[in-house]
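Just one chain is shown here, as structure tokens, and it is the form predicted alone.
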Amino acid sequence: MTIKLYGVAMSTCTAKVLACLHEYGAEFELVPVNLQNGEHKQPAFLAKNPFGQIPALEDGDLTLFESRAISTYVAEKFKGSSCDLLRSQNPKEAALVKTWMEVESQQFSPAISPIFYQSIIVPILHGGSPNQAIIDESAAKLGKVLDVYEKKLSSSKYLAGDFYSLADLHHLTYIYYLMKTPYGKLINERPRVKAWWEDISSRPAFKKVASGLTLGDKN
């Protein structure tokens, strides 16, 4: 039975899962959710995610929500000798992957997401004006997080070691949108972070996803 992923291609969280699915060459169906019509708040979707947020995944009788949990499931389900984004065969490497996945969730994402929301979501989807104070505060926080990354990347090619993992993949979509804003300088000002970003964003799996991340594109 084909995996069904409910979401929107331009969504950061949906695209995160899409990138993971493409890394494994998994067969899946992307089922669009009409956010403008509030489909994600209707009973049919709330049965998949009671919090009414995308994405959600169905695999047979299993239903999952929360993008990091979904991508972890995908990585576990399809792991093999050619691709193991969790490094499950090596306990030490697996622990480092989990550590940096937590860093992305607890340090990186809370700092970058307000910049994305204020710079792209507010003006484009809500027709409002960005709150510069929020952006400035978040940019300062993100800069401190990226300083840690800059130091870490001086000793390894990727965050968890000299191997690409889910810890790196989880950063892709927010940074992709950040690079459409003036705050992309936070990446470009740090040479090791910039090189890491250029590396992970050039992967074929993410290139398939990036074409759908169209928020903020000029018509």
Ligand code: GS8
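In this text, all values refer to a predicted model and were calculated from it rather than measured experimentally. A residue's number is simply how far along the shown sequence it sits, counting from 1.
Keep in mind that the form predicted together with the ligand is missing from the display, and what follows is about it.
- Heavy atoms within 4.5 Å of the ligand in the predicted bound form map, among the stretches 190 to 198, 161 to 169, 48 to 56, 146 to 154, onto 48 to 56 alone.
- Using a 4.5 Å cutoff between non-hydrogen atoms, residue 39 does not count as a contact of the ligand in the predicted bound form.
- Contact annotation: residue 209 falls outside 4.5 Å of the ligand in the predicted bound form, judged by heavy atom distances.
- Taking the partner from the other structure, the ligand in the predicted bound form has no heavy atom within 4.5 Å of any heavy atom of residue 19.
- Although the partner is absent here, residue 180 sits far enough away that none of its heavy atoms falls within 4.5 Å of the ligand in the predicted bound form.
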